[in-house]
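One chain comes next, on its own, written out as structure tokens in the form predicted alone.
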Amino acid sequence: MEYNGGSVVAMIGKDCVAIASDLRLGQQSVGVAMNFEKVFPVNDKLYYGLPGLATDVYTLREQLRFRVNMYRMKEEREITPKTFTHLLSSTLYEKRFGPYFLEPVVAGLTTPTELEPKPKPFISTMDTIGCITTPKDFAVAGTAQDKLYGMAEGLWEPDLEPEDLFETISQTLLNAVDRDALSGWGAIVHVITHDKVITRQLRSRMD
């Protein structure tokens, strides 16, 4: 889990959700690249982050892309965050005897229905073999997760508007990775609202 480094954090806001990651790719303490994104889109309402071993990031991303496309063709609709979480969990559990070295974080907005006309924010995280946790505030994973927990508990508030949520998740991530030698080198933040996705890159310490 610590060979390549990297961290991901997701937060719930008021009718919006945000997910962010650092951009460092390392080989233990040696820096390799500063543009290694760990957060990927499923659709315009759903993103997931994969902190962990870089080779497993690519392998699982391609496997999930295949399975989501098959779901889209078979069901003729977009996959929801809850369904995607269970799909990801079962994909990890299949490999439980030789697991992927990843701790995924999922963030998205639910699809409006007749019972719930407003899209609701949803985040989840899981361990290497797919044990799901669905927190109501924030989720963290990666080499800086202890620092992320502390920063997020101090900064997160309920019902944050998109711009406030962006500021909160940005400060949480930047301050946490500054205290972790295996994370950092810039960051990328995605804020998902009901009508758009706001993506911004952040500059951080490069030492």
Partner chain sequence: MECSFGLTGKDFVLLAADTSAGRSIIQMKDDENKIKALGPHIAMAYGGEAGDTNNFADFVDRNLRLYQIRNHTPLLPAAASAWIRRSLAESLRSRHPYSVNLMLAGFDITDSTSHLYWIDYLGTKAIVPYAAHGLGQYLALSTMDKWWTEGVDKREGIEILKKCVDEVGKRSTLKFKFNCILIDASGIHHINLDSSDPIAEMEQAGKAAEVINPNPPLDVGITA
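The model shown is predicted, which means the values in this text are computed figures rather than measured ones. Residue numbers count along the first chain shown, from 1.
Separately, the form predicted in complex with its partner chain exists; it is not shown, and the next lines address it.
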Only one of 27 to 35, 167 to 175, 147 to 155, 41 to 49 sits within 4.5 Å of its partner chain in the model of the complex by heavy atom distance, namely 27 to 35
Contact with its partner chain in the model of the complex, heavy atom within 4.5 Å, among Leu160, Leu182, Val68, Ala54 goes to Ala54
- Query: Heavy atom to heavy atom, is Pro99 within 4.5 Å of its partner chain in the model of the complex?
  - Reply: yes
Even though the partner isn't displayed, in the model of the complex is Ser7 close enough to its partner chain, meaning a heavy atom within 4.5 Å? no
